[in-house]
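Two forms, one protein chain; structure tokens for each follow separately as structure 1 and structure 2.
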Structure 1
């Protein structure tokens, strides 16, 4: 089996490596990928179309908004799938399950450590504030809904690691994080439906300027991007915490790492 695998891998890799000479040079500004009209349009017209300096955010949340919406749905479905998979056949009584192989009792009982507790109490508010900054400032600096959402989810994961899963789940129980995840997708699609109702294409934010008379179409695009990034952040943060909480406790949401 190892030899079959090795031959298959070497054959594929050899074919790819032999094709590498036909590739444009690394850093070539006029390679087909970099000189394509689509990429050049994004670089040149972003500031005119929406006034957002960070092109990555503009392409993510405006030009390729449809794509991003369904990426968010994929993350949501993955989170729901993890909860479903881990709970299949969990109706077995507790004593009949195989005992965990590597669970020293001291790990679970040692959540009162003063250094870890104090560090986390100081660190978690800063992390959450930084997450909101990353979400809100994604137009002008690296960041946006995905990154800010993951940082926000990480702050809950840190609380779960430091203080145990149960205190973290008291703050963010399962009914609540599932609701938050769905609310994020609903926020995102609500922007698209609002555009539809105002007579434009789905997720074509320019038309939303009629709702706020003081802004023009470019500003409407900029503000709508912030709105959909908030939706993305809701879903991603809730699902990241859901993934950790379920995987660390085998879907039972008690005990944990």
Structure 2
């Protein structure tokens, strides 16, 4: 079976490499993507329409916000599918289980609390602060909900590595991270529903200027993009931790790596 997998990888890789000749040159102004009138509109009108200098975020969270919302739903469904496959039911409630006994840390046996634990505890607040910056500033500089959500989810995983999965699940139990994942999608869709209630199209943020502290429709779009990016970050970070917790514990949500 290993040879079959190797042949499949080499064959697929060869097909991908053979297609590289069809790609336009890097920075080619006459490439199909650059010559498209849609691309030209994004380049010329993004700041005018939304007041957002980050064109990529404007495209993702405004011009094609439908697609991005359903990408977030796909992340949620993928996480639920992984939990449905791996999760093993526990008969004993978490609160009724005896607390795990930690091995004493020492320099000689170099328990994880000495090097890995200390390093992770130092990194976690830095990662979370950086994640909040990436989320909050993603429509004005490189970043956004997906990127910030991944960094935030990584900080939760590091907490599980530093102190063990059981202490991490005490702070972020299964019911909580599942709720957070769904809340992220609800936040995103709520912006669209609000637009409908105000008489405009779904996720047409400009009309939200009557609800948000803005001066015009462009600024309403900017603030709304921040709101939906927060929703994306909720879902992505929660699903990342859910996948790790189930993989690390073989679906039992106790013990872990």
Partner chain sequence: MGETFKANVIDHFNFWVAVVLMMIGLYAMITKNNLIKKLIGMSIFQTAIILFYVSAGVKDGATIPILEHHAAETEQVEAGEHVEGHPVANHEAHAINPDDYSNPLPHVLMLTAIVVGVATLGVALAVTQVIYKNYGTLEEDEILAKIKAAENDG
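The term rigid core refers to the most C-alpha atoms you can superpose between the two forms while keeping them within 1.5 Å. In this text, all values refer to a predicted model and were calculated from it rather than measured experimentally. Positions refer to the first chain, counted from 1.
field: Number assigned to the form predicted together with its partner chain in this pair
entry: Here the form predicted together with its partner chain corresponds to structure 1.
message: Between two rigid parts that rotate between structures 1 and 2, there's a hinge somewhere. Which of 27, 197, 214, 74 is there?
response: Among 27, 197, 214, 74, only 27 lies at a hinge between structures 1 and 2.
- prompt: If the larger rigid part is held fixed, how many degrees does the smaller one turn between structures 1 and 2?
  reply: So the smaller rigid part is rotated by 10 degrees.
query: residue 16: how big is its Cα shift between structures 1 and 2, in Å, with the core superposed?
result: Spelling it out: core superposed, C-alpha of residue 16 shifted, distance 7.7 Å.
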